[in-house]
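Below you will find one chain, with nothing else, as structure tokens; this is the form predicted on its own, and questions on how it binds or moves follow later.
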Amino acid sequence: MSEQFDRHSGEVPSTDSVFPNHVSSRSLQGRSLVTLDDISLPQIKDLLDRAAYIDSHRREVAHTCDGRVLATLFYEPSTRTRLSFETAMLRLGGQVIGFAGAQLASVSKGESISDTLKTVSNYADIVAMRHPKEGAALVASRAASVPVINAGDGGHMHPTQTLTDLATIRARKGRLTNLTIGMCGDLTFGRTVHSLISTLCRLGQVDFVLISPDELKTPEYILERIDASPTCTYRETSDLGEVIGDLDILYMTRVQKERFFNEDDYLRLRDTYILDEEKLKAARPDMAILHPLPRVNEITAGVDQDPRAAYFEQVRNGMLVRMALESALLGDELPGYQVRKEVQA
């Protein structure tokens, strides 16, 4: 597939051509975000546009959420995601409460997620929650009386990371379709991969190259999601070097020790794929390298200086999209930002 031409029409697609002409006029205010399937494609685009606006209007938006309180309820360890959510609210003028680690919460005393969320809803205006169990974010959203943002639930979904990834891909490639995207590493437990594939399938016109050992292959329900898209395809391989030259985007992931019950299996698989300067010699000069971080050793430090490395840009974009999302769910308008007038229900 050429990276310059639409494989069906032969024309170069515009950046926004994948999105419908109309977006619901209903605001995201008051809603929770458990998965990006909860919102429309035009609403996703609007969040990406808001994030780009915030990036160039930092001072103007600095008081958007004055008086608001974000609660970060992180039942498993996190550095980037939790700090990104908290920094986003602080940069919007709000404040933050919360905990990091189940041992610091009343869950250690046996309290249910529902009771925790009903309680925290009295303290905060919005909640960001990470939990090791799939479905926990949905339970939380149903119990809370304020918006809940899924900051990752087990190996299921990670919608704000997907927004981050989309913002980075769009910034690097100028589009979100007509791309060959390689997903490499832990494709079984990688919720960032599952979430990104699911959303890209809604956009269409993406060829996925799924690179993993047999023990960490993509779950069947994700493959079915690709199959259900009339314009998306996939192929599976265990050889990164064989396919790296075909890719517009290489999305690296770490083998997650916390998802393994058997440490021997983890130790055997953790070094399966290591991206280094030698492997990059076979890649396209404009390929972008993404990684949700943290990395262990799957990308060597020498790659950081390569202009194709985009993973630290993802960190910045993550803060921006979370600023956009938090303000949108709270219904706090960004000063000077104008939603396109032609959009309607």
Partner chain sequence: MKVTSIVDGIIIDHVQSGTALKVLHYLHVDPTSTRLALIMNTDSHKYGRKDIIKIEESDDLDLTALGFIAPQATVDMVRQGHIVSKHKPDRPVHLVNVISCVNPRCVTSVERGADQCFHLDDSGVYRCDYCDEKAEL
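Numbering follows the first chain given and starts at 1. Note that this is a predicted model, so its numbers are computed, not measured.
Not on display, but discussed next: the form predicted together with its partner chain.
Proximity of Ser112 to its partner chain in the predicted complex: non-hydrogen atoms within 4.5 Å are present. Contact annotation for Ile97: none of its heavy atoms lies within 4.5 Å of its partner chain in the predicted complex.
Although the partner is absent here, Asp227 sits far enough away that none of its heavy atoms falls within 4.5 Å of its partner chain in the predicted complex.
In the predicted complex, at least one heavy atom of Ala136 sits within 4.5 Å of its partner chain. In summary, among the residues Met157, Val127, Ile197, Met183, the only one with a non-hydrogen atom within 4.5 Å of its partner chain in the predicted complex is Met157. The stretch that touches its partner chain in the predicted complex, counting heavy atoms within 4.5 Å, is 138 to 146, out of 88 to 96, 138 to 146, 158 to 166, 172 to 180. Within 4.5 angstroms of its partner chain in the predicted complex, the stretch 294 to 317 places no non-hydrogen atom at all.
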